[in-house]
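In structure tokens, one chain follows: the form predicted alone.
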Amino acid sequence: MSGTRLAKWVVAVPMAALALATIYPLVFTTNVAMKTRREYILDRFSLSDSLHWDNIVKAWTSVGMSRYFLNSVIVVACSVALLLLLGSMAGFALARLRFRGSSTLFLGILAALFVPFQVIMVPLARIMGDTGLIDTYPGLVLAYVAQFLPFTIFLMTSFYSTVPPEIVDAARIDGNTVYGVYWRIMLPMGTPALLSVGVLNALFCWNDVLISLLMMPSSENRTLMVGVTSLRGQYSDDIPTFASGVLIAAVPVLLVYLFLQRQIADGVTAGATKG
């Protein structure tokens, strides 16, 4: 075996093992969701005899996953829209508008990336409680924006730093104001990075449990991931129903990766190098 082929096998075998380890939990969860309780108790690792969609229907209707799903869609959509707007504006300002303290401000934003949520959890909850935002959509949206805005600003600043300054200068000569340059030039040019950071933030918000559990204590206002977590206690003796809830929560994430993986990679690459 030549050295080139050996090198390919050295890379291919671990990657195949990693892919199998990633795919197996999804296959196992899907198989369990299609079983009856009796089939699962008798042999949890065997293939389901037939496709039993009753568990998914039960999780969607009786358990309340449909309501949790809607809550997550509303919160994620509003959070991502606000993050993209604020992050792109701040990124443009830090990358192309030189003002006193801009470098210090950018360093402060970088430092905020390293602050775990647990550090600000208690004061955030007190502030939200004092302002009456606990157990409301705006409260959870603002909490997500506060948590993920530094990452958004960092990525957008990195991307806008790669844009040649001559483009901005030409737009200003043509009579555009700062807001005109942002809206007509920089915002359309930032589409790859906006798509990338938008998808990543959507995944962050969708998969979150801690912030949502803190801001939405009411069972009616739970997001999907918190609802799935609560199923583990309510249906500890009905694992197929619990697996159905996990499957409902995982399908949107899988679809995002399936259809937007190229755009995610392109956006991250576009914003990762500074020219």
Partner chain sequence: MTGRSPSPVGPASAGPTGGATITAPPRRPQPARPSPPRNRRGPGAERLAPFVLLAPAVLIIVVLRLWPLLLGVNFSFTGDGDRNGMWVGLANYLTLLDDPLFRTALRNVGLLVLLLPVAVAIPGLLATFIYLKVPGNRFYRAVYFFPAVLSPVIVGAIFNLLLAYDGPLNAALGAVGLGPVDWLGDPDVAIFAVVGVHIWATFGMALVVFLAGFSTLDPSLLDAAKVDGATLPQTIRHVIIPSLSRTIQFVFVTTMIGMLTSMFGLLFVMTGGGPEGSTYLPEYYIWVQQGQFNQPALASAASTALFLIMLVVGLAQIAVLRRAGKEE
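Positions refer to the first chain, counted from 1. If you superpose the two forms and keep the largest set of C-alpha atoms that fall within 1.5 Å, you have the rigid core. Owing to the predicted nature of the structure, the values given are computational and were not obtained by experimental measurement.
Another form exists, predicted together with its partner chain; not displayed. Remarks below refer to it.
- In the predicted complex, every residue of the candidate spot (A125, V246 and V253) has a heavy atom lying within 4.5 Å of its partner chain.
- In the predicted complex, R172 approaches its partner chain with a heavy atom inside 4.5 Å.
- Although the partner is absent here, R232 lies within 4.5 Å of its partner chain in the predicted complex, judged by heavy atoms.
- A residue is said to contact a partner when one of its heavy atoms sits within 4.5 Å of a partner heavy atom; L195 fails this definition for its partner chain in the predicted complex, lying far away.
- Interface residue remark: I120 is counted as part of the site for its partner chain in the predicted complex, having a heavy atom within 4.5 Å.
- Of the residues given (V73, L105, M189, I167), L105 alone sits with a heavy atom within 4.5 Å of its partner chain in the predicted complex.
- Contact with its partner chain in the predicted complex, judged by any heavy atom within 4.5 Å, is made by just one of L86, V163, C78, I185: L86.
- Contacts of stretch 45 to 69 with its partner chain in the predicted complex, defined by any heavy atom lying within 4.5 Å, are made by F45 alone.
- After superposing the rigid core, the C-alpha of L20 moves by 2 Å or more between the shown form and the other one.
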